[in-house]
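The chain below stands alone and is given in structure tokens; this is the form predicted alone.
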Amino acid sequence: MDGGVSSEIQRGKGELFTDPDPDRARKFFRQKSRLMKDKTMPLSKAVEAFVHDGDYLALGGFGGNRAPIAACHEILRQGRKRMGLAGHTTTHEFQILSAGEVFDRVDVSYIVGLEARGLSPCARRYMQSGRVKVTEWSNYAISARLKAAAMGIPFVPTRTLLGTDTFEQSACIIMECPYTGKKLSLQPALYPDVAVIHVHEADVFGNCRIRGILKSDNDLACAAKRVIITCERLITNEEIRQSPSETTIPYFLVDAVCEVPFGNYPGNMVYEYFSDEEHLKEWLKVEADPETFTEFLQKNIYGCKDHHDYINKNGGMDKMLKLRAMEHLLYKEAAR
């Protein structure tokens, strides 16, 4: 090797949308308040305060599970545009943000598809419009990027993407390992401007509990400059302290706590409620016709004052209780 740059073997041609420099990120984190204060506020206030045009946005959850759907609707209602987005295991939330044309650049790992339900016609039209910059990654590569940011280092060495076409479209760099001479792909740190994470329980300070799959949400909370938490329910700090090991996200990473019951509806919230498959099917159906879809969005997002209003227009509490019963039944069956 001849210095640091001589061991670079190859780099992807994708654009890097965020700055991986940990010291510039740390400069921001140093001035962030660590006060243990009440951070509860309405979701509309949190989006107004912490989600801005042009920001880079990342969302918690995994696929249709624990996605911050209520927050995505609010972002559309407030008309955010020109945002960057981490398309990390995104499904219905990507469908919603595409409908509002909220973003114009995306780090792609899993988008457009709603898993076994099919592809989103709206998301596909937007991605094929030529108005969105795209850099490709794998789901693991974006997880590694968030891990690097959470660790306060500019990249983490991995072996993911090696030998793939995805590498060509990424902003990843292949280097030679200084110890073994083997090829390693360096995943650059990803510091989102803002993250929204939907959790099961939180206290007013922002200590959060997540049940079921975590994905990278603990790393995301560390990596993002601003963190909005939406929760199924608020619990007391005393309850948090009774079982501290259950705290997945600590309060000092969090900027806003918004209690939004059924905040992942129509998605699946493990141990809380099952997904509304009929409503998701309706989404996919109406997306096929742009005029019908515009009417659908007006009814279900732009014409709703909040998430409760949206739920009331789609079955209300009767529907929620049915979905809760379905989830609990599946849980009992899985435990046998």
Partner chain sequence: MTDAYNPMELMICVAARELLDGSTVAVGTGAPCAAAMLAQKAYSPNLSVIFEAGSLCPLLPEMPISVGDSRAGHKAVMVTTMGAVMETCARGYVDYTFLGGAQIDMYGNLNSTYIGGTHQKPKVRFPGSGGANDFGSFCWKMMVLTVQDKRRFVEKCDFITTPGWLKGGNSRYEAGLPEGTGPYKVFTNMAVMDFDSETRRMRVISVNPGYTIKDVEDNCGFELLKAPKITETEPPTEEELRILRDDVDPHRYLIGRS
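The model shown is predicted, which means the values in this text are computed figures rather than measured ones. Residue numbers count along the first chain shown, from 1.
The following text describes the form predicted in complex with the partner chain, which does not appear among the structures shown.
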*Could you tell me if all three of G113, G163 and F274 have a heavy atom no more than 4.5 Å from the partner chain in the predicted bound form?*
yes
*Heavy atom within 4.5 Å of the partner chain in the predicted bound form: which of E232, D255, D203, E136 fits that? Just give me the one.*
E136
*in the predicted bound form, the residue from P250, G212, P261, G84 that sits within 4.5 Å of the partner chain by heavy atoms*: G212
*Using 4.5 Å between non-hydrogen atoms, is M36 touching the partner chain in the predicted bound form?*
no
_Touches the partner chain in the predicted bound form: V108 (any heavy atom, 4.5 Å)_ = yes
*Closest heavy atom of V270 to the partner chain in the predicted bound form, within 4.5 Å or not?*
yes
*asked:* I'd like to check something about N218: if you look in the predicted bound form, is any of its heavy atoms closer than or equal to 4.5 Å to a heavy atom of the partner chain?
replied: yes
*Given that the partner is absent here, state which listed stretch (189-197, 72-80, 95-103, 115-123) has heavy atoms within 4.5 Å of the partner chain in the predicted bound form.*
115-123
*Taking heavy atoms and a 4.5 Å limit, what residues of 126-160 are near the partner chain in the predicted bound form?*
M127, Q128, S129, G130, V132, K133, V134, E136, W137, S138, N139, Y140, A141, S143, R159, T160
